[in-house]
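Here you get one chain, nothing else, as C-alpha cells; it is the form predicted on its own.
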Amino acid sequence: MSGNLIYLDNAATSFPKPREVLKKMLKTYVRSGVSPGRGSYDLADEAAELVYQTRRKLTRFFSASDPERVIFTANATDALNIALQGLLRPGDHVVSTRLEHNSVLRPLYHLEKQGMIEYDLVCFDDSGYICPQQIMKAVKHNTKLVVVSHASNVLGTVQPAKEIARLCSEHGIPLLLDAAQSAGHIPIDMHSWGIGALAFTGHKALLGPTGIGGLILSPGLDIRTTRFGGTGIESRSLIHTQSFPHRLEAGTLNLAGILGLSASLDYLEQKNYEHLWQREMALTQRLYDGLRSISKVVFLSPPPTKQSVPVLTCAMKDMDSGDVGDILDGDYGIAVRIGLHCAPLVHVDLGTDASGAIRFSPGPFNTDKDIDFAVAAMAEIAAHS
C-alpha cells in the first residue's frame, strides 16, 4: 500500500501495480520505445514485434482465434464505442441489460437519440443475475447485437456468458461481452463459448497500466472503420486500410501501455491468476462476514460465491454513502468507491439512486488485517451515526 492507505477500490483500478510489471515495462520501453511500424530501421521493427507478441499473448489468454483481430484501444469504454459504432447500422435493434456500465448505456442512448438504432434492456433477478432466456425473449426480427457485462461492477455477479453466447449463436446474433471487471479474474474462452467480440481494459484485474485496453473480434465479424488516420501502411491511399488490426487502429499506438500489459500478462501467468482471484474472494468473504455483524449495514451485493468477482457493495442506514466514504478516507485512511459507480440503472432498480452506495473491492495486495480494520471502521461509523 501507499503509506498508511488501505486501498479497497481495485474494481476502479488495481493499485499498487506489481513492481515486477513496472520494472519490466520501463526497462523495455527505455530500450525500445520508438514508434512501432513507422520506420524501416531495426529498432522500429523490434517495437512492432513487441506489439505483435502482446497480441499473441492476449489471443492465448482469452482463447481467441487470430492475433490480427486483437485491436488495441485506450480502455474498455473505447473498445465498446468502437464495437457499437462499427457493428450497428440504421434500423438495427440491440438487446442489453440494466446491469450495464455507462460505457454501454451512453453509446446506446446516443445512437438511439440520433435515430439510428433502438434497444431494450433486460432486468436482473433478485440475486443480481441475468437469465439467458430473458435475453432471447427480447430479441426482435431486426436484433443485430447483444451486449452484456460479464461481471457487474456494482454487485460483483458474473453472468452466464457461455450460455448467453450459445443462444445468441443459435439466433445468428453476435454477443459483445464487456469483460472490464472479469478479465484477469475469470477464465474466458472466446472460441469455445462463441463470443463475437470482447472488450477489456488493462488497468483492473489484469494489473496493467491505465490507458490501455482492447477489442478482440471473432473471425468473420464484419465491423466498419469509424476512425481514420495514419497506420504506417498503404500511405499513398486516402482510404483507411481495411486490413486487420489496422482497420480499427488509427495513429501511433500506446507502446508504453502495451509493454505494461504484456508484462502484466506474464505476471498473471507466473502467479496463476485464478489463485489470485481465489485469495481476493477469500478476502471478500471475510469482509462480508464482518460487515454482516453490523446491524446498520445493508448489502446490495449478494453473498460472495464462485460466480462472483471481488466486489462488495453496501449502504449504511440513515447515512449518505458519500459521507461514509469521506469518513473512511479522512479518519481511517481507507479508499473505497462511493456513489452510483457509473451504473445508474442498477441503483435505480435497487432503490439507491438517491443516496448511492459504498463499494469495497479487495485486490491481490490486500491482507486479512486490512479487511479487519475496514470492518472495525465501519462498526465505529455505524455506532456514531
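Quick caveat: nothing in here was measured; it's all calculated off a predicted structure. In case it trips you up, residue 1 is the first one in the sequence shown, and so on.
One more form of this protein should be noted, the form predicted together with a small molecule, which is absent from this view; the next part is about it.
When contacts are judged by a 4.5 Å heavy atom cut-off, residue 301 does not count as touching the small molecule in the model of the complex.
The small molecule in the model of the complex comes within 4.5 Å of a heavy atom belonging to residue 101. Put simply, residue 153 is close to the small molecule in the model of the complex: some heavy atom of it is within 4.5 Å. Although the partner is absent here, residue 201 lies within 4.5 Å of the small molecule in the model of the complex, judged by heavy atoms. Considering the small molecule in the model of the complex, the lone stretch of 242 to 250, 113 to 121, 70 to 78, 284 to 292 in range is 70 to 78 [heavy atom distance within 4.5 Å]. In terms of contact with the small molecule in the model of the complex, the residue from 197, 164, 95, 180 that brings a heavy atom within 4.5 Å is 180. Checked against the small molecule in the model of the complex, the residues 149, 157, 313, 262 give one hit for a heavy atom within 4.5 Å, which is 149.
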